[in-house]
Ligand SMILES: Cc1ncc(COP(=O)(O)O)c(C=O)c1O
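Okay, here we've got a single chain as structure tokens, the form predicted alone, with questions on binding and movement later.
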Amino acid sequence: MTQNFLQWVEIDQKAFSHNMRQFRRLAGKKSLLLAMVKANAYGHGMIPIARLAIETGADWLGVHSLEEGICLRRESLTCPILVSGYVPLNRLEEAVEGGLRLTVYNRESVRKLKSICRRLGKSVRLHLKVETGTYRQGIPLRNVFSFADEIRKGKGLILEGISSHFANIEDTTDHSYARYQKKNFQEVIDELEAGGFDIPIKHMSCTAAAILFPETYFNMIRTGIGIYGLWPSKETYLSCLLQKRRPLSLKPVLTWKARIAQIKKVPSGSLIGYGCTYKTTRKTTLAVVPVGYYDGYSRRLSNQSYVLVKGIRAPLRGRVAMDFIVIDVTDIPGVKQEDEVVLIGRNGEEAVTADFLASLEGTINYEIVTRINPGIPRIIV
């Protein structure tokens, strides 16, 4: 099937299942496991990953947008789906009709939903987003009780969950701020329960928290980057060691491949690509690969990165263009047109990792994989 494509992304089903089993074990029997499939499943392909996640132990799916939630419903996925981001007021009815769980932190949204549920004769399950110190979307701590009380009084509104999100659990080995946020979250829960609220689902644990702090599990874990076989950060891995925990054996799920479109021999002194930023110092064999920054391969990798051809590193020469890169295959014998090129992944004994590319660009592995163009075919292998 891959012979039909100039570039494609392979999703390793066994690796994904392996990662899911590890987080399923962390969650145990007391906590639900939510697989976050927002942003095209972190670049891995939302629909195939959502199906695999449910097949391999996820209880819920998490998305950012209404569009993502509706897309999953259209694919006949009937499991609970939580929308973590903002839904426009004029589209809340679609969310109710789709049976989606909604994260709320604006009273305008709650009042609109109350009107919709009354008119449709339907109900909607809501999750409060509490501001514990990240200062993005969320309800200020002093307003949570009155906000919850407004939901309790609204016919058709079901207060199913309460959540928050850590600000600084991945970027450091000092987790005092994370503990401060967890304390804030627990105090809000205590206040609500003292006021007669019974909220079935409490969740704050992201991948890093799931790995490092079982006390953050409450009764649902939200797993994102980890189920794709990527560590949230080097600091998370180091924190495992400092805590004398055995790190999870995460296996990267994604391999990004392309085919060589042309091979050409150029003399010493040839200037390669836009801006003439690379000059050959010997007779050189170049291969043109139809991948560029439109596909998510960053221009910042120009003259820096390498790809793998026949298990050997082939360095980039010149700038990354919109639709093409040029690689040096002079020292790789037998390279021919339409041979495979590995942009991210393993080939033989060599690998190009998302973490390596992130280090070249001064960013994080999340960005490397999520920006891979959604139009590139994702194939389960």
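From a predicted model like this one, the values you see are computed outputs, not experimental measurements. The first residue of the sequence shown is number 1, and the count goes up from there.
The form predicted together with the named molecule is left out here; the points below concern that form.
Stretch 38-46 is the answer when you ask which of 337-345, 322-330, 38-46, 351-359 has residues with heavy atoms within 4.5 Å of the named molecule in the predicted complex. Taking a 4.5 Å heavy atom cutoff to the named molecule in the predicted complex, the contact residue among K182, K257, H165, K202 is H165.
Out of the listed residues E93, E170, E131, D295, E170 is the one that sits within 4.5 Å of the named molecule in the predicted complex by at least one heavy atom.
Contact annotation for R136: at least one heavy atom lies within 4.5 Å of the named molecule in the predicted complex. In the predicted complex, the named molecule sits beyond 4.5 Å of every heavy atom of H175. Although the partner is absent from this view, I151 stays clear of the named molecule in the predicted complex, with no non-hydrogen atom inside 4.5 angstroms.
R222 belongs to the set of residues with a heavy atom inside 4.5 Å of the named molecule in the predicted complex. Along 193-216, a non-hydrogen atom within 4.5 Å of the named molecule in the predicted complex is carried by C206, T207, in order along the sequence.
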